[in-house]
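Here you get one chain, nothing else, as structure tokens; it is the form predicted on its own.
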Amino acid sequence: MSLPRRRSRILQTTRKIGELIMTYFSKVSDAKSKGKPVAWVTVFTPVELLYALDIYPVAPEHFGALCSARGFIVDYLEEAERCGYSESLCSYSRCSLGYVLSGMNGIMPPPDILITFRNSCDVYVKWWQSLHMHLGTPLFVGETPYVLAPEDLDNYVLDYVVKQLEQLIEMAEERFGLRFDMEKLVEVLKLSDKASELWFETLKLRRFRPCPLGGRDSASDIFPLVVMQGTEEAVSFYEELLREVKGRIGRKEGVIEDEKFRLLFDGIWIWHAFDLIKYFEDKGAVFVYEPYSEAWAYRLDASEPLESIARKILSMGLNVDIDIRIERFLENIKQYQIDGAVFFSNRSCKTWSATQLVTADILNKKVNVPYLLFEADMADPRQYSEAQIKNRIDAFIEVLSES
């Protein structure tokens, strides 16, 4: 007998994210038409620095997620594959390359500069070099050493990344005739820091029972943190989100009416299969914590602008030692009262997925947290088996019920 479907409450602020995204792309296209430079960036690039230079950032990774969620990514994937790019490559990279090879007739305007930092994804450099090969657009590759210990955020490693930022500023000034304004950067950093503060405060409220903000909300609401950090629009969005979540707590209103299990989700969300989150919720399981949701939020110190940005670059994504990441897992499992962990082994993100079995085994042994691990692709719907994954979820829920 099937379980009754539970009414899931998506936040009203979350429902505005689609309009915010389209407004953002519209502003980028408008800037391009006015002759302002547009940068295609990887998502762990310091967009605050670009806003201070009056360069508009666009993230092809976000474009890939958008194309997947709206159901028109396959044409771009197949175009890249027809031109020789392997189906085993990251689906974000194939989407952007297919977009370029098919003429760029869409919402993402052609770039004037390509910028990436080697601080998480193992395909960033070759991906951006391929875009450079097809477009002939200037390319900047920032190197970011691996963070083995917290001390690396204050020693020669930090100095090395600051030098990279100075080189990026010099390149942008020479290429586009811009003038870097440190005072403007300080103001941008203050806005970025405020947005991160609001987001962190909102995420902490997920510790309440019932949880007031679910997986579909957190997956959608990270958008302003990716490419709008340092803007007043991002701050306004997170102020509104925080107010709404606090209101839910005051009314003792959760994501679902009958919260039974509190889950951790590790991985990038499956953009073409958002209903999978609802499948968990229908069984009384709510996602209350995801490392991915915190990935772009970082408190910045405007009194040392470049150093603070450099620390953010070094601390983001998968650029820190696995032991540091596991300690974060253990701490948050306790704080969010997590009953089980779901690990999404992503075919497109091998860097993220490679350590998941080790992490899951440690969590299970140290804090006795049951886990589910399943495989699919974050953006390519052709590599997704809904029936198989749902069968595994059913079995996982049974384990939680017996715990």
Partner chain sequence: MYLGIDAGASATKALIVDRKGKVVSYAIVPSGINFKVSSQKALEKVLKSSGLSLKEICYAVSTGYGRALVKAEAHSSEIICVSRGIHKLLPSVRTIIDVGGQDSKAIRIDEYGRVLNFAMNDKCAAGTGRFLEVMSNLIGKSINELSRLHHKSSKPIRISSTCTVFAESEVISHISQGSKIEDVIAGLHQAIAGRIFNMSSRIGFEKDVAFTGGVAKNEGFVAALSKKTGLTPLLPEEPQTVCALGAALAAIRKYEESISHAHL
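This is a predicted model, so every value here is computed, not measured. Residue numbers count along the first chain shown, from 1.
The same protein has a further form, the form predicted together with the partner chain, not shown here; the description that follows concerns it.
Per-stretch contact check against the partner chain in the predicted complex, the hit in 49 to 57, 366 to 374, 65 to 73, 24 to 32 (non-hydrogen atom, 4.5 angstroms): Contact-bearing stretch, as computed: 366 to 374.
How about Q12: is it within 4.5 Å of the partner chain in the predicted complex, going by heavy atoms? Q12: no, not in contact with the partner chain in the predicted complex.
Using the partner position in the predicted complex, report whether E19 sits within 4.5 Å of the partner chain, counting heavy atoms only. Looking in the predicted complex, residue contacts with the partner chain do not include E19, since no heavy atom lies within 4.5 Å.
Could you confirm whether K36 comes within 4.5 Å of the partner chain in the predicted complex, counting heavy atoms only? Heavy-atom contact with the partner chain at 4.5 Å: absent for K36.
I'd like to check something about A354: if you look in the predicted complex, is any of its heavy atoms closer than or equal to 4.5 Å to a heavy atom of the partner chain? Residue-level check for A354: no, no contact with the partner chain.
Considering only 375 to 403, what residues come within 4.5 Å of the partner chain in the predicted complex, judged by heavy atoms? Stretch hits, in order: E375, Q383, Y384, S385, A387, Q388, N391, R392, D394, A395, F396, E398, V399, E402.
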